[in-house]
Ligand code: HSE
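Only one chain is given next, in structure tokens, and it is the form predicted alone.
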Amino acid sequence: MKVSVKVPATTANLGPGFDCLGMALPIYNTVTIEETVLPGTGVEINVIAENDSADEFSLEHIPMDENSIIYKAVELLYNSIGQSPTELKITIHSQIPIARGLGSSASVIVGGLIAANELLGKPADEAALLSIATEVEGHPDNVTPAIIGGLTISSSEDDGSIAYRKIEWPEEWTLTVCIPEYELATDISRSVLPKEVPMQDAVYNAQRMGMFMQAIHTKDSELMKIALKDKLHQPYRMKLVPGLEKIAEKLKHEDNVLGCVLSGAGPSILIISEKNNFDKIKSIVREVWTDLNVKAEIITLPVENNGAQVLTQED
């Protein structure tokens, strides 16, 4: 039996929503899991780059055995029903750039879990899949929108469950994703964060999260410009993304730009804007990064409202 699952990329944090806000984007990885009939073959994992965004250097860093995050997720699902995975062939068709802050790891975890769940006859419901995915990923901000799509807010509860809600994103607000050619591993990006923050910074972010929710619900562009600010992670990560501070400063002077934030742990940048000034936005980013010899792909995207989808199921 063989199952294929298509999973969207995700962008997390969105400024003030550190480890709780996430949004699905229309870039995809497809994970296929096939039960093989040859005993003793164990797990076989193959990664196929669909385009240049997942280059050979990046793919070298993905474990192709039981140490892979996708296998760990599948194993947890099997173990949850008292089974162990045996002979499986896992193929990842990769379109989501790796180590760029676009949820590539979350996508393969989610794709593997949903495909394996289909193979097993769907023993796990959405809540169980979210819990297992978060256990492997470490936090729910990327895996939640990868599973259910759209903009989500989520948290890990003490009992291991994931509390979440899907929030409607205003159609008037558009996303421009700026993806530099270099990688930034999440563990490196997390290593620069302090273990404790000043109370005033925590209060600052709580204020911005409240404003963020109100701005979303009322489509208040002026409030959103204030809400997208952050003091918990971006000030510390700024030095890891050359040119980010200068790009953000230049974009402040563009009337239709609501904000410029790191996508997840970076180094990709997410620019939120209204109306049709995409060419100006792209030219500002390219100008700053060209001066720093940083090559990048810059694309304007809508929100992907669909989460992971089962494409094929064959006996």
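Don't overthink the numbering: it's just position in the shown sequence, from 1. Computed from a predicted model, the values in this text were never measured in an experiment.
What follows is about the form predicted together with L-homoserine, which we do not show.
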Checklist outcome for this item: Answer key, L-homoserine contact in the predicted bound form at 4.5 Å (heavy atoms) among R165, R190, K239, K122: the residue is R190
Item to check | Distance check, E75 to L-homoserine in the predicted bound form, heavy atom within 4.5 Å | outcome: no
Checklist entry - Does A9 make contact with L-homoserine in the predicted bound form, using a 4.5 Å heavy atom cut-off? => result no
Checklist entry - Is there a heavy atom of I45 lying 4.5 Å or less from a heavy atom of L-homoserine in the predicted bound form? => result no
Next on the checklist: Taking L-homoserine as it sits in the predicted bound form, is E137 near enough to touch it, meaning that at least one heavy atom pair lies within 4.5 angstroms?
Outcome noted: yes
Next on the checklist: At 4.5 Å between heavy atoms, only one of the stretches 110-118, 153-161, 241-249, 138-146 reaches L-homoserine in the predicted bound form; which one is it?
Outcome noted: 138-146
Checklist entry - Relative to L-homoserine in the predicted bound form, which residues of 98-136 have a heavy atom no more than 4.5 Å away? => result none
